[in-house]
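The chain below stands alone and is given as structure tokens, in the form predicted on its own.
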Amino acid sequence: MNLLMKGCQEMQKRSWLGRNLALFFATLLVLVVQEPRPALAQLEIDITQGTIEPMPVAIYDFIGKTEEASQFGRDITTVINADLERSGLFQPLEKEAFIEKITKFNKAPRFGDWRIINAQALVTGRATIQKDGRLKAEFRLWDVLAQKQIAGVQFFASTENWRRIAHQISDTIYQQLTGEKGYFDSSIVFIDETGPKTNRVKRLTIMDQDGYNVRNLTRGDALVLTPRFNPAASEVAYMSYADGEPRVYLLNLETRQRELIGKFPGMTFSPRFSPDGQKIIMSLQNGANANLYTLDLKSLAKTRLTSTAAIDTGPSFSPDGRRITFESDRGGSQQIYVMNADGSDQQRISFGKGRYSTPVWSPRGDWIAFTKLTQGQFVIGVMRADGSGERILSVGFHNEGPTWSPNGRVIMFFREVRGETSGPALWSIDLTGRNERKVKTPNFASDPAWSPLNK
């Protein structure tokens, strides 16, 4: 079975990698946060019409008593501005429009000055270097229209972790103003790609969700693919040819120790953790077909979930761990299926035109993201767990590999355009389909996986 249309050679090299490989082998800190209050303004996210009016927010530079503290304050403010603006839900106002000059952190602002510039919310803050050398950042979130404070939070961390403090503040603001958890204090693991298109060096790499703090996790001396976080964001499962055979490995992000997950005949690929982190679900190649198995990480007991003469791959658990979505060509073409966690009640849910792939269950449990090849183009879309409500979010020459933000409101994927010198890049889009943005990476990048919120 050939996945792609004839003549799409570049897409054949990369697209839906787990399936192509299967076919190949068949033939050969301290955080103090108050409880969330009701949303300041009702931010209705209409994913059918995609209509959102960003909330105007004023973010005043965090003040400090020393120049060092003031610089940290300005840097933190810059990151908060970028986080909130990038979400598409907020419109940080230009500092040149500010009327009041804030010099005292504990003093209430002049709300009239902020209403004049149409700010609905105001963020003020202070940065302090403690005697032990740690950075303390505290902020207040004000409801300009109601003229009251709605949040006051302080964070402590080493000065090297100032960016994380900024992301945590952004998450707190996001939650207070929308009623939902944020996603800024999170990480992305992906495949960093360098070199010519015919001989790419691929390294397992991790970075903050905004593209900063990039760190390579592997040297690039072996092909690595499909990384996935465990629920605690402390380990990554991925496929590698490190020992000459395609196998699934676990990498501890703190110790950098690598562990081979079982020694199975044939090929293992498409690994993903169960929501409780106790199991790995993956696809095992055996002859001309591939089936889904779970592996208990403590006992190493293997359980077979599917048994067909087809290729079943790309599994993903529902957030409650009770169900699994996956792709299969058992009906003659690639489609999306769901089943119970024990392998029972397997049902097809995709019935649109085209070939469906890489289903991923939202952390909220309400949507399944997917890749689809239709009319010579790759699309990123979502559908309900019963297959209803299918919507296309992004269309391109080659879009693939969706992964969800921790709050289930944003999807990241990788995109490649035509051309001999082109390479993949990471992109993000929200559920409205309107806020599509390129994600900063140092080189070409593919196969993103979004972590849970950092702990």
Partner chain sequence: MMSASLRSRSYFPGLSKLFVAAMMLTLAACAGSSTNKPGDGVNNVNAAPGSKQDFSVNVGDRIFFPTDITSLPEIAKSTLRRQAVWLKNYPQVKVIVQGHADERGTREYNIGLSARRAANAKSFLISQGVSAARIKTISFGKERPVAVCDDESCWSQNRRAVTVVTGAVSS
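No experiment lies behind these values; they were computed from the predicted model shown. Numbering follows the first chain given and starts at 1.
In what follows, reference is made to the form predicted in complex with its partner chain, a form of this protein that is not presented.
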Are all three of I368, G408 and T432 close to its partner chain in the model of the complex, meaning a heavy atom of each within 4.5 Å?
no
Taking 4.5 angstroms as the heavy atom distance cut-off, pick the stretch from 196 to 204, 169 to 177, 86 to 94, 153 to 161 that is near its partner chain in the model of the complex.
196 to 204
Partner-contacting position among M282, M239, I188, I165 - heavy atom within 4.5 Å of its partner chain in the model of the complex
M239
Of G73, P109, P246, P363, which one comes within 4.5 Å of its partner chain in the model of the complex, counting heavy atoms only?
P246
Classify N340 as contacting or not contacting its partner chain in the model of the complex by the rule of any non-hydrogen atom within 4.5 angstroms, answering yes or no.
no
In the model of the complex, does Y183 have a heavy atom within 4.5 Å of its partner chain?
no
At the 4.5 Å heavy atom threshold, is D329 in contact with its partner chain in the model of the complex?
yes
4.5 Å heavy atom contact, F378 and its partner chain in the model of the complex
yes
Interface residues of 300 to 337 toward its partner chain, as seen in the model of the complex [heavy atoms, 4.5 Å]
A309, A310, I311, T313, E327, D329, Q334
